[in-house]
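Structure 1 and structure 2 below are the same protein chain in two forms, each given by itself as structure tokens.
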Structure 1
């Protein structure tokens, strides 16, 4: 295997283009540091800067416009090897497109070097200005004068890059590059480059148009990917043995309707667990608006002697309503075939079949749903109440759940 960083492929750039000088500087800096080609993965963007893959004898990954820094993050995290060097190459256009990827890589201090070839414009598509085109350059072309460029060096620095620099003069390329390539963590180097087709043809002009050279550092340790050993999710689950009997024949559907934060979902989960403890097949699902902390909260539980395939519950057998939110979304389910228990503060006068009980008053807002469940169990005898006590078991809020469970006992 060759030890040369560069292949003998001819530079694919326009005559006079500055990118060739940068490519040679990268190669020299890598060799000076002592890298072998297979120690290096070069990840490239779209655009003229992204044409460099064939020039390098290293590993190469050629991606999409603006996305190479994020792709490089993945490569670096995947390699997770300090002896390997990930270099991302993109132009000023790509850096504009994927600015957030750069900030994210800097914030995480991922071990890679991002080299931005800044030729002041999008060269491949005809010389359009980019977010890194300098104000002076744009003013001379009367394109967006007065709108400053992103200072990518300072942005990366503020986001946490260990090394962040801008270099304009080719005389300084090697020095700046070696510092960037040697930095442990995320480093960015913006390198000025000539685009003879659309921008400038003389180095002096480029120096005039470019922002000042700059070098900033942060003291931070690089973030390494930690591949953990973990145990099976199933091993963390306690089996739910059959401990109780039930009077449920075939299939029974229970709907709990209340408000977000009212313990509806956890009460339903306890019921499903109690059903399982009673040797039944159980399903439980929740329905709530996207804003989980406000609005209605509905939970559906099916308990069945047979395995449950279809888990929909359009015609529940039991409906427990504990808040106005719950009533408004579940009232269409009320009919003479459903046993409906509702909090006594709710106006259900138009539904004579509804049984009203002081769930909220006796068990509090968070305990009302569970209190409703225990009331249904006491009235129907479908499950043993002890199965719910067992389901609560060592729950972290066990004490208050048990209190809610028995809050209405004296009144039934």
Structure 2
């Protein structure tokens, strides 16, 4: 087991960005204190500061913009273990957006450390000012005259944080970090960071624009979580009755790959529902670009006779590809151990084991993925095709979905 806090992943920040220095300081401080990677949970926010997830060998959780402190509270309360360390990382933009979550964590004195990477602006979206952009920084840019910034350090202190501090010089990073990480209860440390793209290019400039270093403390005992035995919410749910049979004996992974807006995600959800109706544990995970309507769309479905504890699917058993976009992102999954069905218009000549079928021609672009699923079911017999029919049920597009499902069967 590695004892290094950091992975070998290259820092994803712009040249000269101060975030990398802070990341290395966090790592060194944790190692100096004596923490092991498995003893640390890092919860991150959206923004440049949220890019740190793959850099740490610790447990990591990625949250929504401003909501990382709320997630951190849940993790810390759930762990309820003083030997584990929960660290929340967010930028000054995230801290502004989620200020109430910060104050609530400080008020309750939750046992976690919040580290705010303050580069004085929203670096990921073009350099807009944040609620922590200082007066000195804004005045030189003629922005928000007369509107003061939040003093996140004093706000956290007045809300009840046992330790809250601001550190500007990298020379002091480790000293301040170790005090924050060692504090029993809620601690906050605001760390100055250079943004060479939109803010400053020299440390001296950053020090001029930043508020003075400051450290405040409160003497309080951290909150201790109390647990009581209650009935599970799942006990109130009625199980989905098994209606169909299945030839799946352990675990089967299916990947659907196509274009965004092409019905890939819908087909995957229907397959997962069909699996549940067949008495199986089912998971579905989708991925597509933020543009939603353009580019690739890929979905992973796992059907298993046992509970599924990890939904990752690096080695599928079945791969259905219905467009060039899908082929570009899924071709690395093609090998002799995977049953591959592809649309016949795709150039898969270099993969002799691929079965080509006219999915798009017969079922249309939006029905091709579902047509591919029905062809796989007919060939493998792993599920009953009627389970997909039942999954479609009273879907608002049920008629067109059923046409796609039986498109190739009608042709033959």
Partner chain sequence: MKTEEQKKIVLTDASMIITEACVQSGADVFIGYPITPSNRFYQYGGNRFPLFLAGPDEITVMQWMAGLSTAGRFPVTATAFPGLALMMEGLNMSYMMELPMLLIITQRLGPSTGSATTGAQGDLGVLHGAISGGYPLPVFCPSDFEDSWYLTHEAIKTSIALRTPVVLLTSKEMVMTSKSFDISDLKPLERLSMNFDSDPIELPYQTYRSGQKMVPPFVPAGNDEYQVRFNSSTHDNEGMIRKNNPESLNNTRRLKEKIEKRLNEYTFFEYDQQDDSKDLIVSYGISAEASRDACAEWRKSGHKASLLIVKTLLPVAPDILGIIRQFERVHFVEENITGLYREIIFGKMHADSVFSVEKIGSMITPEEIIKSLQS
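What you see is a predicted model; the values in this text were computed from it and never measured. Residue numbers count along the first chain shown, from 1. What we label the rigid core is the largest C-alpha set whose atoms superpose within 1.5 Å from one form to the other.
- Matching the description of the form predicted together with the partner chain is structure 1; structure 2 comes from elsewhere.
- For the two-part rigid motion between the two structures, residue 50 is grouped with residue 195, each C-alpha going to the part with the better superposition fit.
- Note on conformational change between the two structures: two rigid parts, with the smaller rotated by 130° relative to the larger (from C-alpha fits).
- Overlaying the rigid core between the two structures leaves the Cα of residue 365 displaced by 71.5 angstrom.
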